[in-house]
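Single chain ahead, written as structure tokens, the form predicted on its own.
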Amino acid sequence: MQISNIRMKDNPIDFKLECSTVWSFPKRGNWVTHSSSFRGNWAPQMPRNIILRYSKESDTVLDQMVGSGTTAIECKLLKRNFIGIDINPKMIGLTKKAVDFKSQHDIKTILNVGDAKNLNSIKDESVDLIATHPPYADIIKYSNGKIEGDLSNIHDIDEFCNEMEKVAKECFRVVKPKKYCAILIGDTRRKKYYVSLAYRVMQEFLNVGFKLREDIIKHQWNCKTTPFWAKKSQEYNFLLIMHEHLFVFEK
């Protein structure tokens, strides 16, 4: 498969497609409307790599936890039709602003408030690629308990994974056969112990029928590595978590 670098106005001229299972972006992209001001969004290099590797122009890409719209921006730049869904209306508003830039591409962008656990507006086997970045349980609370069904309000790991099973089932339903679903998720700690949240979520996707195509380690650069946290790490004998998992599943 040959993929040419995208070189046009408002696109990164130094972008290179990743070719290993370790991805690291010390300097996150800030082209067009991309911004790092929204806490928890993924670097645009992530969806750009996913979209270029696992879809083609005019395909339909879904991000059902669209957040601030990073995936939506990349789809507009890369000539993919896009469906963006989020349970939080504020996120749909942010995404609408993010994709409000001129484009010569004749593509369709659909943005709606909805629940990743029930994608009733999307037909069976109608999506070519899912590229999404769910919350890591309640590490970052996006609605502070005000929106029923918001995954970021769930503290209990077992409950969170049960809800992610529902997400996985809907992903499997809407993706076309032989197509892909890519999810970035990280781990956490509870009462000093390491919790492999990523692998537990991975298992939910395998249980519904997906096959694991890739497990990519993404180096985190936005961790709190200040002297304060370095001291805490030594004082309480724990290591700072500085990686996430990008799972690429195939139906």
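All values derive from a computational prediction rather than experimental measurement. Sequential numbering from 1, following the sequence displayed.
Unshown form predicted together with a small molecule; subsequent notes refer to it.
Participant: Which residue among 79, 176, 96, 117 has a heavy atom within 4.5 angstroms of the small molecule in the predicted complex?
Facilitator: Selected residue: 117.
Participant: I need to confirm a contact call. Of 83, 122, 171, 87, which residue comes within 4.5 Å of the small molecule in the predicted complex, counting heavy atoms only?
Facilitator: Only one option qualifies, and that one is 87.
Participant: Any chance residue 180 has a heavy atom within 4.5 Å of the small molecule in the predicted complex?
Facilitator: Flag for residue 180 set to no.
Participant: Taking any heavy atom pair closer than or equal to 4.5 Å as contact, tell me whether residue 61 reaches the small molecule in the predicted complex.
Facilitator: No - in the predicted complex, heavy atoms of residue 61 and the small molecule never come within 4.5 Å of each other.
Participant: Does residue 66 reach the small molecule in the predicted complex, with heavy atoms at most 4.5 Å apart?
Facilitator: Although the small molecule is absent here, residue 66 would touch it in the predicted complex, with heavy atoms inside 4.5 Å.
Participant: So in the predicted complex, does any heavy atom of residue 111 sit within 4.5 Å of the small molecule?
Facilitator: Residue-level check for residue 111: no, no contact with the small molecule.
Participant: For the interface check, one of 39-47, 197-205, 213-221, 53-61 should have non-hydrogen atoms within 4.5 Å of the small molecule in the predicted complex; which one?
Facilitator: This holds for exactly one stretch, 39-47.
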